[in-house]
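Heads up, the chain below is alone and in the form predicted on its own; it's given as structure tokens.
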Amino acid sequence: MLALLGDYTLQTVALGAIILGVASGALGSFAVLRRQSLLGDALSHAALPGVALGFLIAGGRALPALLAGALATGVAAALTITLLQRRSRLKSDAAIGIALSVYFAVGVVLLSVVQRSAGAGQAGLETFLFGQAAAILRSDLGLMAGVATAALVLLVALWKEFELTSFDPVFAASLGLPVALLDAVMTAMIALAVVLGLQMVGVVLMSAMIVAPAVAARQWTNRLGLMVLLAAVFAALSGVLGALASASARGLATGPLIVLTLTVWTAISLTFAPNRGFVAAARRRRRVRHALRDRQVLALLDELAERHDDPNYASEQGLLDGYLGVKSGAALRALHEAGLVEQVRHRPEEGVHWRLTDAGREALAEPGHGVEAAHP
């Protein structure tokens, strides 16, 4: 492992992954909150024709030209989506699907043209489909860091405006904020994040870098600032772990390993997050189900006491099971531990009887009071 950490190529790839992770995680959080998760997929596919055009214009594989072309076509795709949404009756998913397929088709055609042109045999632009992290150079890191820093500085400078338009665009418009312009700026920044990741994870998988870290971070917090920070950390850490896994197992592509690592983070978050995870949700459903059953038992005991005109009337457990149609033993034990019911023993052959306590009657009189405490 120490030998791997000293590898020059691995260091370069890991630094690039950290830069990409921080940018995509932070900006992707706003895409997810705005319910524009598919936008990253559309922009990443739309970047392919820009890569090919950048190669044709520059006459070679110059990264600044390729990224500029990818950014231009990505922004063009975003404008196309916006026009289709506002000037037609198409829903957002249909508009995104149209832009994604059309721009990607144009990119594949241009890619074929580039590969057939004279002297382009070594262009290797097809690596932008799935990424080739090992091709990243130290000089490329400077460009990536500069673009990412500019995007993050702009994000911090317009933080309040982006926050307000993400959660309540109608209220933001009523305050006089240029909502459409802010949406366009955010879309352009997401396009920047997409462009940064094309060489590392490729067109096909870049949407995961936008969506997955934000989804994972959202499970742990309701605060936007903390969500953005967690998303950046998850994405950056996944990039480093993916690069290490790729370097330790020769022949495995770095980009897909980064995405798979992100998938693991997302799965863990969706499952075990304390408030929004599947496990926590299952526990809440179980508590509600038990509280409802407890309340049914209390109500039945109270009803039977009223029928017999005796507030201390005790009912046999078998009778309660018959009325409820299910076993009431677990509910009775929980209620007994909470002090809401108590046992009354008559003759041995009659079995255990149960009746309400004063606390049980109070819990029944106030919906929800004391009943949930029987199943913490």
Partner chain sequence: MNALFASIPFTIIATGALVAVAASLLGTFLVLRRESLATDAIGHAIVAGIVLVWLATGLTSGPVQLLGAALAGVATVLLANALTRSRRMQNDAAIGLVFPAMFSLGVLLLNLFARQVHIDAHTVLLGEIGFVWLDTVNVLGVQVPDAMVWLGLVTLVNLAFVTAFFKELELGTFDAAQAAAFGFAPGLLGVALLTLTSVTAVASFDAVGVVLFVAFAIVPPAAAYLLSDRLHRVLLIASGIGIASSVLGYFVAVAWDVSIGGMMAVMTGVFLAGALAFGPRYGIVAQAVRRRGEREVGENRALAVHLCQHEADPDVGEENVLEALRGHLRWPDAKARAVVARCIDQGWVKRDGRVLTLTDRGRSAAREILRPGG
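Numbering follows the first chain given and starts at 1. Quantities reported herein were computed from a predicted structural model and do not represent experimental measurements.
Here the subject shifts to the form predicted together with its partner chain, a form of this protein not shown in this document.
With the partner omitted from this view, the residue of 292, 113, 299, 180 that lies near its partner chain in the predicted bound form is 113 [heavy atom within 4.5 Å]. With the partner removed from view, the residue among 100, 186, 78, 230 that has a non-hydrogen atom within 4.5 Å of its partner chain in the predicted bound form turns out to be 100.
Note that among 254-262, 190-198, 136-144, 68-76, the stretch whose heavy atoms approach its partner chain to within 4.5 Å in the predicted bound form is 254-262.
By the criterion of a heavy atom within 4.5 Å, residue 308 is excluded from the residues contacting its partner chain in the predicted bound form. At least one heavy atom of residue 90 is located within 4.5 Å of its partner chain in the predicted bound form.
Among residues of the shown chain, residue 150 is not one whose heavy atoms approach its partner chain to within 4.5 Å in the predicted bound form. Shown alone here, residue 26 lies farther than 4.5 Å from its partner chain in the predicted bound form, counting heavy atoms only. Shown here without its partner chain, the chain has 96, 97, 98, 100, 101, 102, 104, 105, 106, 108, 109 in 96-110 lying with a heavy atom within 4.5 Å of that partner in the predicted bound form.
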